[in-house]
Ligand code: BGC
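A lone chain, given as C-alpha cells: the form predicted alone.
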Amino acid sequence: MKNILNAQWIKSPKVAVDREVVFSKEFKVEKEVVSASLEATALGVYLARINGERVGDFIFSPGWTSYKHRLQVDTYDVTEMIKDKNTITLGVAPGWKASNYFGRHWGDRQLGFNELAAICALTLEYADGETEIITSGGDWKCENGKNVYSNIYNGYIYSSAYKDISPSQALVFEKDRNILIDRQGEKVVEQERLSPKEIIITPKGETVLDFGQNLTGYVEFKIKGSKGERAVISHAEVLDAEGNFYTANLRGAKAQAVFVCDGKEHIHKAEYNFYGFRYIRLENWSDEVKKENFTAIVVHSDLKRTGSFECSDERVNKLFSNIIWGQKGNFLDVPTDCPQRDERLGWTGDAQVFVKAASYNYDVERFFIKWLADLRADQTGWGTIPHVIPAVFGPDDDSSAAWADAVTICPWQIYLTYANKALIEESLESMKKYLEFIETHSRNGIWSNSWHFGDWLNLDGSSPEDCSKGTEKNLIATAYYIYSSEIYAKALALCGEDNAEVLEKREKSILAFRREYMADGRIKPEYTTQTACVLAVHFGISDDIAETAKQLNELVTECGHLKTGFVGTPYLLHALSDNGYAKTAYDLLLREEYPSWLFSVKMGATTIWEHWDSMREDGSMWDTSMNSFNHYAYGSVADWLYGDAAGIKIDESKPAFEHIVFAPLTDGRLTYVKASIETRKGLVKSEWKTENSNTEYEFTVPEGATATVILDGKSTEIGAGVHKF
C-alpha cells in the first residue's frame, strides 16, 4: 500500500440508500506497460473491473473490520488486463458498513451511515521507466448500478435492464487515510459448487430445490423469463414438520435474491450478498425448473484445511463433517455466530470456545490475527471487550465472562498451535486492561459486579424466555477470571516480564472461589451443576480435583446426559477423561438421544445446531426467536476428538507441535480412530485399531519434532518417523 494514500475518497452526490453505486474512469495507454497494480478499498463492499473483466477472485472485499479504526486495502496485479483504451469501475454496495444496525454504528461526520465510498490508485509502470498513477477523484463518473437494492440480511434485487439515465461526477470528500492498512486477513473466495439433490413440490405447492447441505454462499442460476418479470429465490435451512419451506428462524431477514428479467437469457449470481441455506424456493419463475440450471456456490475465507478425523462409527464421522461445514459457514472474514438470520455477528464467546478446534481443522492463524486486531481496536478505554467484534452495539459498560475472555484465550491458543509469539506481545496490554476491569468489579476475590450471559443455552434452567439460568453467574465469572489470569501470567513469562503479582491475585481468587462455592472438594449443593464442576476441574480451581471430577461423573451418570451450555460444553469431556472417566465421556459422545451431539445427526443435520434440540423429534422447532441450524459453538467437541479419542496433544513448553504428546483413549464401542493435523512442523498423525481385544497404535512425527507416547500409564520418547506400538 503506497499510492492509494495520495488518492481521494469519492462518494455519490445522490441519495443512494441500500443499493449499488458504480464509480468509473476511462483512460488511455499509449506506451508499453510492463507492470500495473491496483490498490483499492471501500466503505461498503466493492467489486473492481477493468474493461468489464472482474479484478481478482476476492468477494465481499475489503472485508469486515472495525471501520473507524482499520480498513483493509487490497492490491491486485492487473498487468495483463490493461489495453490501449480502458475503463476501470468500482461497484460498491452496503455490505456490513451500511446495513441496518451495522451502518448506524459506522456512521461519522465525514460519511453518513447509509453512504458508500471508495478510494483507489492504479499504478502503471512503462517500459521507458516512467510511472503513471491514476487515482480516484472528482474526475470519476458515478452512477447507480444494476443492484437496485442490496442488504446483508434481506438480499438483493438485480435489474438486468436497468441503466442510470443521469450519471454524475463523483463527489470528493475528506476522510482520514490513517485507517487504511494492507490486507491483514484471508480473502473470501468461492469454494465448492453443489448441484441440487432434489426438486420438491411441498404440501403447500411450493417449488423447492434441496442442495443436500446447509451452507453459506449463494446460488448461480440460468434464467430468461419475460421482460419485467421479477423472479424470486428465497433461502432456508430446513423444512418444517409438514415438509414446507421454513423461514421463521430467519427473524427479520428476508434472505431473497430477486432477478428482474429483460427477456434475454442470463447466468447470474450474487455479487455483494450471501445467505445461509440448504433449500431455495422459487417464486414467479416462468422458466422450466431444471436441476442443471442451479448451482449453490459455497463461500468462506480462503483457509487451508489442516485437520482430519475418522473412526469406525459413521455417526461420529458425520458429526465431524458437520463441524467442518459449521466452520466453513461461519468463518466468512470474521467468526460469526450464524450466517442466515438478521445477526451474523462476530460473537466473542462462540469464537473462544471453538478456537482450538478451529486451529486444528484449518490454518486460521492469519484469520485470527486480523480479528484479534479488531478486538483490540474495539476494546474500551476502561478495559471491557464488546460482545461482538467488530463492535456494532456501541461501547459496553460490562464484559460478559467467557465472551470477553476471548481477549486471552484466542491469542494463547493461536500461539500454542502456531508458535506466534508476536501475537502474544501485541495482546499483552489488552489482556492487562481486561483483567484490571474485572478486578475493579470484584469483591473479596469474587467477580460479582457485572452482567453476564452465564452458561448460555444450558439445560439446567433455560427456556425460550431466559437462556442464561442455571449455573451461578458469579461462579462462572470468577472461574473465568482465574483462567484468564493464568493465561496472562503465562503470556507475561513468555515475553520475559514479571508475573508474580498476577499469580498472587489469581491465588487469592482461587481461595475465594473455594470458600464461596466449594466444601470438601465438591461444589456446594446450592451451586451444583455439571458446568460448575467442569470449570472447577478443568481450570484447576478445586483443592481436590479427583473429588470434584467424581462429583461431575456422578451428575452425568445420574441423569444420563449432558446439561451444559456454551460455557460448560467445550470442557465437559476433557474434565471427565482427564480424570479417569473416559467411559463416561464416550457415553456422552456416542449418545444418540436428546440431548446429545448425535441427536442432530440422527435428525439429518449437516451442520452444528445452536440448540441441542433446534428441531425436535416430531419436527417441531425449539423457537423462532433464536434458532440457527448452523451455529458452530458446540462443534468445539472436535478438539476432544483430536486430543483424546485420537490422543494428539500439544506440549505447551514447545508449541506448534514441536513436541507432541500422544495419549489416545480407546473405547470398546469403536474399532478404530485415526486423525491427522498438518502443523508448522509437518504432518502429525495418530491411529489406533482394535481387533480380537488387541489394540495396535501408529504415530507419525514430522521432521524437526519429537513426541512422548503414553499408553497404559507408561511413557516412551520417540523421534521423527512412523512408529507402531
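Each residue number is its position in the shown sequence, starting from 1. Since this is a predicted model, take the numbers as computed values, not measurements.
Not on display, but discussed next: the form predicted together with beta-D-glucopyranose.
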If we take heavy atoms and a 4.5 Å cut-off, which stretch out of 478-486, 626-634, 257-265, 321-329 is in contact with beta-D-glucopyranose in the model of the complex?
626-634
Does at least one non-hydrogen atom of D578 fall within 4.5 angstroms of beta-D-glucopyranose in the model of the complex?
no
Taking 4.5 angstroms as the cut-off for heavy atoms, does D333 touch beta-D-glucopyranose in the model of the complex?
no
I'd like to know whether D405 contacts beta-D-glucopyranose in the model of the complex, with contact meaning heavy atoms within 4.5 angstroms.
no
Since only the chain is shown here, I'm wondering whether E186 would be in contact with beta-D-glucopyranose in the model of the complex (any heavy atom pair within 4.5 Å).
no
Answer with one of D374, D639, D350, D74: the residue that has a non-hydrogen atom within 4.5 Å of beta-D-glucopyranose in the model of the complex.
D350
What is the one choice in E115, D337, D644, D378 with a heavy atom within 4.5 Å of beta-D-glucopyranose in the model of the complex?
D337
Residues in 545-571 close to beta-D-glucopyranose in the model of the complex, defined by a heavy atom within 4.5 Å, in order:
F566
